[in-house]
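To begin, one chain is listed below as structure tokens, in the form predicted alone.
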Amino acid sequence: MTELAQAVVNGLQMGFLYALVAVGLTIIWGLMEMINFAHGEFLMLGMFGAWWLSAGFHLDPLLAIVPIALAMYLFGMLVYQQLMRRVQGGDPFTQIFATIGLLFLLQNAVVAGFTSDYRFVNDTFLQKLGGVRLTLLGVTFAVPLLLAAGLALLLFLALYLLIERTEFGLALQATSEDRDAARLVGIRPQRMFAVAWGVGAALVAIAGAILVNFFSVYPQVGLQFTVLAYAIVALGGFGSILGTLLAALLVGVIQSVTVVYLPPAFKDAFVFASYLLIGLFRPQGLFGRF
């Protein structure tokens, strides 16, 4: 029983990190109805940025979050303005091929600049706490993962309040519902979309800067997170910020519990099997409105 409880706790902590990875996709895909298969590459850039600042300037990845978030916010806006704005009104396949092309462009640019070697950050703040453990009711909490999960949760809640409780968030939701009506009340849809792409890119890059403490860094690292993020967003419900969080927690728990009782290769299989099962009864996801 203690082993199961430990697996659930570990899964919940990873779930908060998954939520931060996926929520940017929720904004871009769920609220804006735009497809971005390069989402994981934004995370990869965040991981490489954290590694580069750590290796070259001895800046801890947690402190590197600020410059990385700013750079990726601007990069996300640039991607929308120069690429996605031009294909936004076209066939969905145009968006798919555009973002797949962006995926390979970013991957190969990083390979050309840094090669395909695996890299690791060393001696970070979280890594120094690697041996620190907290025990509660027989369940052990690894402090580095606990702190990373707490930071991810704070950022997620800040985004939730931004989307649900501010004029910007209401304007973004209004734009996603009806662009023409939004224009009539003075909202500029293209500007809202550009900002949303910037916010989405910044959030997933921040997640990358946190995850670099636990995962190796290489040009193809984003693919596994892209697939997982799409599963989480679809499971939680398109456009649902809260649904993304709960779905991410569910995915984290499924993975963690599966690894305890079955070979690790099955962990993602059970995640997608769970999505298929829920999709039979709620095709719109757990918290989807349609």
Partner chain sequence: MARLALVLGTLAAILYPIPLQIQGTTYYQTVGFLVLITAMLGVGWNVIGGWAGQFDFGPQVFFGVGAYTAALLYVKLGVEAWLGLLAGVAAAAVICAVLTYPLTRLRGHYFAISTVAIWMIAQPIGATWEYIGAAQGLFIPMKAHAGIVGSAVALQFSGPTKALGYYYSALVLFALTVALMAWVERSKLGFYFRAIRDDQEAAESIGIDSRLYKVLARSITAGVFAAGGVLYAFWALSVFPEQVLELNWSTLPIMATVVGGIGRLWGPLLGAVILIPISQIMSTTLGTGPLAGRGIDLIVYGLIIVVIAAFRPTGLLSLPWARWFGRRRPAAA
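Just so we're clear, the structure is a prediction, and the values are computed from it rather than from any experiment. Numbering follows the first chain given and starts at 1.
Separately, the form predicted together with the partner chain exists; it is not shown, and the next lines address it.
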- Item | Check all three, I96, L105 and G113, heavy atom within 4.5 Å of the partner chain in the predicted bound form | yes
- Note which of Q82, T166, T135, N122 lies within 4.5 Å of the partner chain in the predicted bound form, where distance is taken over heavy atoms; exactly one does. Q82
- Thinking of the partner chain in the predicted bound form, which stretch from 140 to 148, 205 to 213, 189 to 197, 113 to 121 has heavy atoms inside 4.5 Å of it? 113 to 121
- Indicate whether Y230 is a 4.5 Å heavy atom neighbour of the partner chain in the predicted bound form. yes
- Item | is_contact(G90, the partner chain) in the predicted bound form, heavy atom dist at most 4.5 Å | yes
- Task: Please run the contact check for A234 against the partner chain in the predicted bound form: heavy atoms, 4.5 angstroms, yes or no?
- Result: yes
- Query: Hey, in the predicted bound form, is A69 touching the partner chain, heavy atoms inside 4.5 Å?
  - Reply: no
- Message: Do any residues of 253 to 273 have a non-hydrogen atom within 4.5 angstroms of the partner chain in the predicted bound form? If so, which ones, in sequence order?
- Response: A265, F266, D268, A269, F272, A273
